[in-house]
Structures are given as structure tokens and as C-alpha cells.
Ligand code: 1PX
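Only one chain is shown below, in C-alpha cells, and it's the form predicted on its own.
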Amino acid sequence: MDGGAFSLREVLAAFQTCVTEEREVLLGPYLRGWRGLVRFLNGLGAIFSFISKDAVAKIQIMESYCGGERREEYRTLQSMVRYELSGGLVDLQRRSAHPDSGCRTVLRLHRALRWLQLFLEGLRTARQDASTSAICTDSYNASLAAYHPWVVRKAATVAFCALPSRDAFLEVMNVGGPDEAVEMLGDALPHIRDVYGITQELYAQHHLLDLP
């Protein structure tokens, strides 16, 4: 699932193929992109384990849907939302009969993707001597923090203080030096932003952004 070294190229390739001509999000490439992002998180050490472990669990749930008897319903994000909502398979008010619905599971990945998108964008545009802990904290506060209890938020912000330098982060991308990593982030992030935007709009349209 999350073995092997991180490669930014793999993540770029996955998210490049995510969106169809009809502007639907293919779940197969989406999950492949997320597997790559998990390798990135794991390469940074235990600091991010509270996010990467949860992401791995969510990816595995979605892979079981995508490979199950109703796999055609889970080919795209849009077909999944139509199928689960029309079949009453989403807990809209409180978690009860369908705590691991595809809609709820993807929402958790979607929120974490926003944090990673903001963090990677911050790394890409920051000065060489910029504080990665500040970039990470700002990105976290603008995305995931709202959905985490105080204890997790506190532990996260303390952990972020131990983050390595910007150049060390860019080396983890495994695409050459910092300049090459910045260039490839510039190629990858628009595709990640596009997938995030389509998902956000779809979930807002169906009132799914606040699933319990």
C-alpha cells in the first residue's frame, strides 16, 4: 500500500489522469495519487503518522468499493455520489447505519488533500530560508484543524516545530535538486487543485461537506 520511496512524478501522473473530459473524477487514479502522498508523509517520519494512518485506512475502504461487486458505481466520484445518495447509503445526520460510506470516506481524504495542497504550494513559493513549520501550521489551520479535536490540534502544531528545512523537503520529492522539485510541484499542483475544486463543488451541490 504505502511501501517504497515517494516519487512526485507518480503523484503528478496519477492526478493528471484523474479528471475526464466530462469533468468527472476517476477514483482509481485518485487513490493512486493518494497512495503516493502517503509515501511522502511516511518519508517525513512519525510527525505525520496521525494523518497518514487515517489516510491509509480510508484508501483501503475505497479500494474495497472500487474492486467490489458494485465497482461500476465507484468508477467516478460522481457515479459514487449518485449511487450512494439514491440508495440511502449515506448517513446525512449522524453516523449510524453507514459509517464507512464512500461519500464520507472520500470527504475525509478531500479535507486532508486540501492541507497537503496548501502545504506543498507554500513550500513551492517560499524562500529557501522560510520556516517549514510555519508553512505547515498555516496550511493545517486553514484546512484540517477545524475537523480535529483540541488535543490533536495541539499535538500537531507541536510536532510541526520539528520539521526539516525547505530544501530537505524538496529533496524528499525525489526529482533532483530543489529547483527541479519546485518546477515539478508547479506542474502537479494545478491538477491537485482541479481535483479538489471539482470534489468541493460536487459535495457542496449535494450538501455533503459536513457529513458526520
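Start at 1 and count along the sequence shown; that's the residue number. The structure displayed is predicted, hence computed values, not measured ones.
Keep in mind the form predicted together with the named molecule is missing from the figure; the text below concerns it.
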Point to revise | Contact of residue 104 with the named molecule in the predicted complex (heavy atom, 4.5 Å) | key: yes
Practice item. Indicate whether the named molecule has at least one heavy atom within 4.5 Å of a heavy atom of residue 58 in the predicted complex. Key: yes
Practice item. Tell me, yes or no, whether residue 108 is in contact with the named molecule in the predicted complex, where a contact means a heavy atom of each within 4.5 Å. Key: yes
Check your understanding: Looking at the partner-bound form in the predicted complex, is residue 173 within 4.5 Å of the named molecule by any heavy atom?
Key -> yes
Point to revise | Every residue of 19, 80 and 198 near the named molecule in the predicted complex, heavy atom within 4.5 Å | key: no
Check your understanding: So which residues in 131-164, when you check the named molecule in the predicted complex, have a heavy atom no farther than 4.5 Å from it?
Key -> 136, 140, 144, 148, 152, 156, 160, 163
